[in-house]
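First, one chain by itself in structure tokens, the form predicted on its own.
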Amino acid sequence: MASAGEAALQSPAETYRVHYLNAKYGIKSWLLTTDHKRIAWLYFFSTTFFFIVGGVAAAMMRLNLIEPQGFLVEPDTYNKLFTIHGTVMIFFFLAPAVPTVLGNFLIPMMIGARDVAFPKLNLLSWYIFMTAGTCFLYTIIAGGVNTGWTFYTPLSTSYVNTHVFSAAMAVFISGFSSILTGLNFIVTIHKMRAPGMTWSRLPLFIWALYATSFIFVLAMPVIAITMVLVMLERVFHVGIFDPALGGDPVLFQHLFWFFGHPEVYILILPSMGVMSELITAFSRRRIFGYGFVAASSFGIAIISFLVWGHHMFVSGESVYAGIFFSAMSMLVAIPSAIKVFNWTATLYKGSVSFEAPMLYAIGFIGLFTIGGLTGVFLATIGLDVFLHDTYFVVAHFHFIMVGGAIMGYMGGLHFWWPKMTGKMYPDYWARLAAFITFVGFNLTFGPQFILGFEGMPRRYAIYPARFQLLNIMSSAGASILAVGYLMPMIYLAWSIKYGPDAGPNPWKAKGLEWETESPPPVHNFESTPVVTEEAYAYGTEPARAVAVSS
């Protein structure tokens, strides 16, 4: 610790930094912190742990599918594995990763604020998240649940499946964490922007998280109450969903997918925001069509609430409802296509450099485009009837959720890691990891489109021998993909101790977050910044803001 005399000679920013770096070693100071940056780190370690849990379940499934009759686990255990994989990845990694890790760390800095609007509520949301995660870990230890992550009734309400209650409780609790995070972000973005940070100057990452926050607030209560109804039916035997008790299982599907399809955009919208930051920074150009890209985030968020029925084309809904949901599903592709078009136009004739974050961004564009186009296939009623519940669906949503959401998260993590830690990672290994991830992903999920088109159903532990070659290719790809995910864990951890100092702005990027020290001081800015130019003003003078006394 610096002496009182030394501290008096330090700048306010250096004083904050010394306080931050020394305070971080106390466990109590972490568990009671209200610093948005440290809460982001808590989420980072938590979501990484759950990513590993979900990844292990996926690895066991892929190993089992090397043999047509399976060799690793029994069919009932296989059912539990895909339930663990889906539930953990959706609710405890994919949905929270970008908003709670990158969003928590960056939103206040990107808008010129010292913290989020409700710091204590921010910490509470992490405790709620960990309570939900612990509840689901108990479910796994107690024997698991075999309903799939969708908890379809009447399977989930049958009393033979004894661990549905704790699994549903975990999902119920996790929803409150997301709701609190969404409310916090909405108020922060509305009320705490620095002078000059008008709506038309907001970074597109902020626009994406702003739209995502509304989905959090509107969609999460639906899944929460749906899980409550499942638990009530199991405990009190009331006839809500179980047809044997006079209930309607299709009602559950309506409730679940009213949440479930907006949930897809909870996963992908934040990564879309990351893409806008990466593409402008590494092409050294203003974003093409800023207003359209910003508005498309809200277009996606709004239309996402009107497409849930395309999951139910074979569930007995009317032809007219099917036509409506098919049309809405085609419509939601338009704002997504706007983003891809504008990113591509931004790259055109740009001064593109291929650092690791940019490689992840380029991979995102390719994989997300394939995922989006195959989604149009599944939104077409005639094709969906044929492809429903086959591996074509598995490939499609993994191209969105893994090829899109995780590639975006990894790109953002590599982009802002120097800001978060003050250290640079080895660029060669980072580029290699991005390449291995891209190759491994395509080898894993590309063959599954063919498997689905040839009729292999999803969620089966055994399959006809004629599908074995494609399953072996998919399992081999999963092994390569695992290497691509493990490598960043190693070199990013290495960089914290051994990496060279990054400096405030190693990428020479635009944005208020790059005008603070790395890692940032406790209160982000020595004094309140004033924004004087548009977002992404590449080709202008480096200074984006002037500081005024707080």
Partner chain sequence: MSSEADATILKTSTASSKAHALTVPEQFDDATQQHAAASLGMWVFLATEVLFFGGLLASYTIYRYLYYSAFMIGSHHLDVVWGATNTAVLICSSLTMAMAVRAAQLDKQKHIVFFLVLTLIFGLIFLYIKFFEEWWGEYKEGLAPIHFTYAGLHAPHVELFMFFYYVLTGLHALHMIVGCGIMITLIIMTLRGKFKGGRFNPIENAGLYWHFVDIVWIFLFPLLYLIGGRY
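Model, not experiment: these values are computed from the prediction. Residue numbers count along the first chain shown, from 1.
Not on display, but discussed next: the form predicted together with its partner chain.
This chain is displayed without its partner chain, yet in the model of the complex the stretch 110-118 from 416-424, 110-118, 475-483, 436-444 comes within 4.5 Å of it by heavy atoms. Contact here is defined as any heavy atom lying within 4.5 Å of its partner chain in the model of the complex, and by that definition not a single one of 286, 314 and 340 is a contact residue.
Contact annotation: of the candidates 245, 330, 345, 469, the single residue with a non-hydrogen atom within 4.5 angstroms of its partner chain in the model of the complex is 245.
Though its partner chain is absent from this view, in the model of the complex it lies within 4.5 Å of a heavy atom of just one residue from 128, 387, 90, 217, which is 217. In the model of the complex, residue 258 approaches its partner chain with a heavy atom inside 4.5 Å.
Taking the partner from elsewhere, residue 459 is found to have every heavy atom lying beyond 4.5 Å of its partner chain in the model of the complex. None of the heavy atoms of residue 394 is located within 4.5 Å of its partner chain in the model of the complex. Although the partner is absent here, residue 163 is not a contact residue: none of its heavy atoms lies within 4.5 angstroms of its partner chain in the model of the complex.
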